[in-house]
Each structure stands twice: as C-alpha cells, then as structure tokens.
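Presented as structure tokens, the chain that follows is alone, the form predicted alone.
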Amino acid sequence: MKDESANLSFRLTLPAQVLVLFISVFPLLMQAYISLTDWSPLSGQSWTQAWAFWNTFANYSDLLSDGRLWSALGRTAFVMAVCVPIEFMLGLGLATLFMDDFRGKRVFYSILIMPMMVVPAVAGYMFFMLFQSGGPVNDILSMFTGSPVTIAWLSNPKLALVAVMVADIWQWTPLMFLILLAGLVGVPEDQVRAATLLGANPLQRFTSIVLPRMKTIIGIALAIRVIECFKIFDTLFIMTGGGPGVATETISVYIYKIATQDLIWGYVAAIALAILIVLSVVCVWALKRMARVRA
C-alpha cells in the first residue's frame, strides 16, 4: 500500500519535477556550452550555431591572465570582508538589545527593518544624493568641523568604495538583525535563568549558553550575507557605475560591462560558470563543517 502511494505521489509530482529540472539545468548547460566558444551576438549566427566558434578551454585559460578580473574579485572580497563583519556585529548588538522590553519597542523595530524594504536601486540613488559634494553628508561634517567640507566622495577612487560600503551596511544590517533575533528568541530561557542563579554575569551567559546554541543561525546569517554581498550590483552601479575608472568595479559590475559593452558572451559565460563552481564548493565545505560542529 505504501509503495502504491509513493508511486502515485511520484507520478503526480513528476511534471513539476521535470519543469523545475529543465528550468535549472538547461540554462546551466547552455552556459557551459557557450563558455567553450567565442560566440557573441555580433557573430550573426544563433547561439545554437556557437559550435562553429569552438575554442575548447581558451576562455578559461584567459581567466588566469585577466588582471582586471582578479582586481574585481579582490575588490569584491574586500567589500565582503568589511561589510559582513560590521553587519554581523551591529545586527547581533541590536538583536541583544531587542531581547528586553522597553517603551516604543514596536516603533523602533519597524523603523529598524525599514532599510531592507527599500529597493536596492532606490537605496543607491538615495546614497548617491547623500554623498554629493554639496550633499547632506558633507553638510553634517561641516557642522562638526566648523568649516565648509566639500569632499567629492563618489569621484575619489579611495572614498567611492567607502560610500558604497556604507550604503550596503545601512540596507542589510536589518536582515542580519532579524535572523540573529530569531536565533536569540530560540535560546531556552530556563538555562539562562539557571546560569544567572549560579552567579554567571551577562558576558558569561552570552558566551557559554547563548552563542553555542546560535552557531547554526550565525552560520546561516553569515552565509546569506557573504553570497549576497558577493553579488552586490544595484546600489553600487547607481552610485558609481563602477567608477571612477574601475575603483569600485566588483565582479558583478565587471561581468555586466563586458557582457553589455564588449559583448564577449563566451568569456562572460566562462567567468560566471567558474565563479558558480567555486562558490558551490565553498558553500558545500561550509555546510559540512557546520554539520561537524553541530555534531
């Protein structure tokens, strides 16, 4: 009876499974196919005829000598290394504060999560206006310094990336806050009370009881933000377009430029596929490591 029920369930869900498999696998196979060719829309032939421009693994070998690609990857890694830890620390601190009841908690909660509701492109335009030479950021600095401040944030190669990272931290700290708050709520209160009765101070309770029970939640929060930060595009592109020059060009912006301006689609497919494979390997390794920690 159970076998018949399982077979019926399989047959009923088979069309949906095939559709999902097609949607997932076909673009991946097409990308792998194009990455092995020099085909582009300017070739005058359909992508189905890309085999005529076959170059085997030439695109992948070009990745190793593409200095601009490696610079973009390094810049992306730098943004992740700065933004994700700051967002985590701010999110954890805010989540800890919101564990206690205080007047106006619901109002502050609504205000706090509002940035993540903003469309990234809109957030990019907001911070584009804030960091103008005559914008509010320089006005506030002028008030503190007592003299006019006219810093050209977005046209300065050293400061443009700082402005982009400030925008990213502002928008995505609330997401980290929500995930970590959910983890804090799940910590057993009786264990915390028992530790308090035994004389443990807040720091000891946090490090010995709360953090060990939040390892999985923390891992999930960091993984989500690392992956999303690696794909940063909308906010950055609206604010700087990858400039000045290539000072803020991350890997997503670089891929966009060579895909839409240079139209080197075979090389773009190779870059995207290589990044997908590397990120997948890193994610699998992180999940296995997390599973061993939990065990």
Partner chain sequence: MSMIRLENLVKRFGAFTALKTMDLTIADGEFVALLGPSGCGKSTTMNMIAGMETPSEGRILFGDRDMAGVPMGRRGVGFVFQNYAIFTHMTVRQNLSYGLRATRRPADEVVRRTNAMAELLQLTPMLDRPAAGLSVNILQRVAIGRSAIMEPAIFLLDEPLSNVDAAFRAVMRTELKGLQRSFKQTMVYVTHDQLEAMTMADRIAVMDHGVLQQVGTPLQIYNDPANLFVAKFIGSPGMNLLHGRPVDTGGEVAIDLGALGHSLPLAPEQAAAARRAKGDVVFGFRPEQAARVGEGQGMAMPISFVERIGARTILHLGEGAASAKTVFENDAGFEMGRALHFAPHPSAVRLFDAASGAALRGH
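What you see is a predicted model; the values in this text were computed from it and never measured. Positions refer to the first chain, counted from 1.
In what follows, reference is made to the form predicted in complex with the partner chain, a form of this protein that is not presented.
Put simply, of 114, 119, 89, 197 only one has a heavy atom within 4.5 Å of the partner chain in the predicted bound form, and it is 197. Contact annotation: of the candidates 71, 204, 216, 156, the single residue with a non-hydrogen atom within 4.5 angstroms of the partner chain in the predicted bound form is 204. Remark: of stretches 204-212, 75-83, 92-100, 177-185, the one touching the partner chain in the predicted bound form is 204-212 (heavy atom within 4.5 Å). Although the partner is absent here, residue 191 is a contact residue: one of its heavy atoms lies within 4.5 angstroms of the partner chain in the predicted bound form. Along 55-69, a non-hydrogen atom within 4.5 Å of the partner chain in the predicted bound form is carried by no residue at all.
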